[in-house]
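Starting off, we have a lone chain in the form predicted alone, written out as structure tokens.
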Amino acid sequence: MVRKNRGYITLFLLPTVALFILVYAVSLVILFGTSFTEWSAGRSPKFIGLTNYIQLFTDDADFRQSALNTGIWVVLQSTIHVAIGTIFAIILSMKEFYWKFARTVYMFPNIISGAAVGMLFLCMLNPDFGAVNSIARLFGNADFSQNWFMDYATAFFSVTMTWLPYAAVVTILILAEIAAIPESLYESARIDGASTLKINLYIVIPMLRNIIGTCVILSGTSMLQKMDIILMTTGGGPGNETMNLPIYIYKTALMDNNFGYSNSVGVFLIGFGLIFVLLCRNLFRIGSSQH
């Protein structure tokens, strides 16, 4: 059957392969090639060997801070974010009277654009009229005024909280996987006297290994492209306190007009993402049997 339909399969794959080559493969080759050049708008790329990479790792404090921030956010998103979504999914899977309402409400932050979420938090954390400062003044110091996004002590935490707790996508993926677990497993466990906690710990969670691994990859890699909320709230500041690699690439290329150097950062970012995905695949043994 496969041989008989090989022509049709090839025909239907051609547009996808062509788009991949034109949009991704060619772009990756250009990105990698120009990362070894001095290149700015209005000038042709000039080959300079490993100069960009040497400067990147030896003489660029902004890059090191951006890479550190990106790494921290990847770890937080891969652990705490996924854990929140998994726990919430397990609670909702019990289908108590509130589960449909809670599932709908929890999804709201994920259907709003990043720019809108950024504006929402800018208003909530505004030092003059924001809800957080107003509540603090109401129940504490009447003169309390904290600039959450522009204070070095609170900026990183404030930006992180604009996305870390909102794991509705993880929750939905986990819920779908829980729904596929055979009811007979639950019944056998209950007959043996297992409590709900033990059923979740020893049956449900082990059966979720593949999907949890997938969620870790999706959540972690989402931090490798996070820009909108950071640009709306802090712009990477104060200083470079909340700057990540995508913001640094954007500023280096479009504000400093240094495309060759920004492309070397882009190569590092791609390598970082590939290593992260491979580590997660091996750690969770994604695709292997769960028995």
Partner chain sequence: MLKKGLGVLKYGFVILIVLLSLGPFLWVLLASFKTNAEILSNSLGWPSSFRFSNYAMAFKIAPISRFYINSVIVGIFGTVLNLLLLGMAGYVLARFQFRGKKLLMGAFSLSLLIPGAAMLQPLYLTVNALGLYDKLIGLIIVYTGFGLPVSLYILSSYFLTIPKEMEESAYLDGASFIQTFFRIILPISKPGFGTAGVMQFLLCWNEFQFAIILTTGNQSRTLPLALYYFKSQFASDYGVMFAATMVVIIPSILVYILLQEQVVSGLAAGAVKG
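Keep in mind the model is a prediction, meaning the values are calculated, not measured. Positions refer to the first chain, counted from 1. Heads up, when I say rigid core I mean the largest set of C-alphas that superpose within 1.5 Å between the two forms.
Not pictured, yet referred to below: the form predicted in complex with the partner chain.
Contact with the partner chain in the predicted bound form, judged by any heavy atom within 4.5 Å, is made by just one of A155, I211, V204, V74: I211. Taking a 4.5 Å heavy atom cutoff to the partner chain in the predicted bound form, the contact residue among I48, M227, I54, L68 is M227. For the marked spot (V17, L120 and L173), a heavy atom within 4.5 Å of the partner chain in the predicted bound form is present in each of the three residues. At a distance threshold of 4.5 angstroms between non-hydrogen atoms, A253 is in contact with the partner chain in the predicted bound form. Although the partner is absent here, N263 lies within 4.5 Å of the partner chain in the predicted bound form, judged by heavy atoms. Contact annotation: V169 falls within 4.5 Å of the partner chain in the predicted bound form, judged by heavy atom distances. Taking non-hydrogen atoms only, I270 approaches the partner chain to within 4.5 angstroms in the predicted bound form. Contact residues in stretch 83 to 103 (any heavy atom within 4.5 Å of the partner chain, taken in the predicted bound form) are I84, I87, F88, I91, M94, E96, Y98, K100, F101, A102, R103. For P15, a C-alpha deviation of 2 angstroms or more is recorded between this form and the one not shown after rigid-core alignment.
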